[in-house]
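Below sits a lone chain in structure tokens, taken as the form predicted alone.
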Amino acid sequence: MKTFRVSVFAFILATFVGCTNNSIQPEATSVNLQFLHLVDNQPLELDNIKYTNAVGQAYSIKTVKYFVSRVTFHKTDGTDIAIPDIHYVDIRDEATLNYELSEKIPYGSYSGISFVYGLVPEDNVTGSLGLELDQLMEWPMMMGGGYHYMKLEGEYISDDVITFFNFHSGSLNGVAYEIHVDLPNSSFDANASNLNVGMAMEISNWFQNPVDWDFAYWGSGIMGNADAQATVQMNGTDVFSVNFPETAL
């Protein structure tokens, strides 16, 4: 009989402890990133020379491919929730335009969101992201290896001639040009099971502020041009804005 009483007590104690532990676990929110691409605040129309940059050149966009990594959520109490994911976006692949982060964030108030556009040096290692991305986004070994941060491609008109351009960014010969983006107006409260974060790229901003981009001056390829890479890095700080749609796209 004594053994039976001890067993019942142990069971009740284990149940109580288990319930107590479960009750103190913080509630958490899954985060879905939704990527939008705009020109002049309107949805991007591919393959159409209908846009004009700050120096008056007409241009089109054909390719938009890039990495978003190290998304970080900043709580109002001063703590940061950093997610180590690396996500690849290709505007022509709808499956890449929505991405659920691999880790949830605790309920609470957040002052903002930041992320890395491209890859920090420790993430930017040739062969580390798999064969498919090696083939799609590899950066030449003769320029330092790793991956493109971005491939933005299209055509522009200068002196009545249509010319193709590669607006490609990446690290160059050991110098990193990734962009650390602090999203403006990105405060929010996490108080539900999921959160949609709309991240809108304003493509026209790549070509202005602080430097008005002249396609003819920079030429059709900029991968080996350190001044061009530094200019892309400067212009890229205000390319993204954020919203919090109620439903996933």
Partner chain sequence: MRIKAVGSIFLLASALLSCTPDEQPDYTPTAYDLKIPKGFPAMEIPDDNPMTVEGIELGRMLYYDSILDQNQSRACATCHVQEHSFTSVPDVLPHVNLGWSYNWLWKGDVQGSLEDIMEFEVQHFFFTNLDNLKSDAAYLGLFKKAFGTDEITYQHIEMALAQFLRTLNSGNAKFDKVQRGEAQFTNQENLGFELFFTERGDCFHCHATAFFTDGQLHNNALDTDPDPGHFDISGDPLDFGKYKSPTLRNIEYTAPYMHDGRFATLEEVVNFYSEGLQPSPTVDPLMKQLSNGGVQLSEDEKAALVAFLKTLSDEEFVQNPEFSRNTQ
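Keep in mind it's a predicted model, so treat the numbers as computed, not measured. Residue numbers count along the first chain shown, from 1.
If you look for the form predicted in complex with the partner chain, you will not find it shown, but the lines that follow are about it.
- The partner is absent here, but in the model of the complex a heavy atom of M143, alone among A176, I83, M143, I157, sits within 4.5 Å of the partner chain.
- The contact residue chosen from S111, S114, N166, T96 relative to the partner chain in the model of the complex is N166, the criterion being a non-hydrogen atom within 4.5 angstroms.
- Only one segment in the set 67 to 75, 114 to 122, 97 to 105, 127 to 135 has residues whose heavy atoms sit within 4.5 Å of the partner chain in the model of the complex; it is 127 to 135.
- Contact check for M223: a heavy atom falls within 4.5 Å of the partner chain in the model of the complex.
- In the model of the complex, D47 approaches the partner chain with a heavy atom inside 4.5 Å.
- Among heavy atoms of H180, none comes within 4.5 Å of the partner chain in the model of the complex.
- Under a 4.5 angstroms non-hydrogen atom cutoff, the partner chain in the model of the complex lacks H37 among its neighbouring residues.
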